[in-house]
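Shown next as structure tokens: one chain only, the form predicted on its own.
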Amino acid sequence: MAQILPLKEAIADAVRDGDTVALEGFTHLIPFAAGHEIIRQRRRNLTLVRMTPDVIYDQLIGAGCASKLVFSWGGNPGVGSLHRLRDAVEKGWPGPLALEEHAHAGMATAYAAGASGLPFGLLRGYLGSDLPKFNPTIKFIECPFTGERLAALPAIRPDVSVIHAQKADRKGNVMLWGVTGVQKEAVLAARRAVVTVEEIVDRLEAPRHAPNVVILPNWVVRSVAEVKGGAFPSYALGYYPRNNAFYKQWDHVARDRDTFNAWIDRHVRGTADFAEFRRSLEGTPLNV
């Protein structure tokens, strides 16, 4: 049964140096608050997994938390490159970063295999692609029934999966809706799962017309932490919109190592929690 914990305790309990950690959320419900707590606790040598590493992974990589990235597309959505990711790959700062690149469909298949307890996943994909030349985990097998050539990928089974959701009840059952991506599969595939939520309620009830409602029972979740606004600057359907100004301004912050370090030290390492982080942005361009 899931524990209800403060975020600091939830991360300290679940995330260890050297872990494989997936922070999932597809454009929506991205767990920024949890990512910041990992930075505050100075976790190191993490293998970070994410279908679309964006700004939160730029921050984790630049803060020195990661030694490897497993991903399928990386960038600042609608803006451009992730400069801390590029610096790590191209120049080894703040440390070397190994890459394992996939297609979106491949990542989703690998998560589904992990969630199902299978050793690998299969898909019609990668044929004609250059990705298998650079990613040795992509293999091809022959279907024993049809003879068709299929791509096989090892299951993704993170040590820890972290997601953000709209609600949880006091027993630790979690509800999310909207663009749900692979959050469900990431949680089911993980050894340990941490969920941050907008609110903890007595009873879970989905809003009318809520799309794609997913319920995660408390027995698949290790801990739940209430963090209002915990997906900022991404959005949480029914709670707040995406903060586009933050993404635009991040391009300026992340381009220069010294500017990035000063920002992380002031707004993440120098704040006690996500609420203080939000207060630290008041009056800055990143809080527009």
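Quick caveat: nothing in here was measured; it's all calculated off a predicted structure. All residue numbers refer to positions in the sequence shown, first residue = 1.
Note that the form predicted in complex with another copy of the chain isn't included here; everything after this is about it.
The shortest heavy atom separation between L153 and another copy of the chain in the predicted complex is within 4.5 Å. Interface membership of K139, defined by any non-hydrogen atom within 4.5 Å of another copy of the chain in the predicted complex, is confirmed. Although the partner is absent here, I200 is not a contact residue: none of its heavy atoms lies within 4.5 angstroms of another copy of the chain in the predicted complex. Heavy atoms of W93 never reach within 4.5 Å of another copy of the chain in the predicted complex, leaving it off the interface.
Residues G117, L118, P119, F120, L122 are the members of 107-122 with a non-hydrogen atom no more than 4.5 angstroms from another copy of the chain in the predicted complex.
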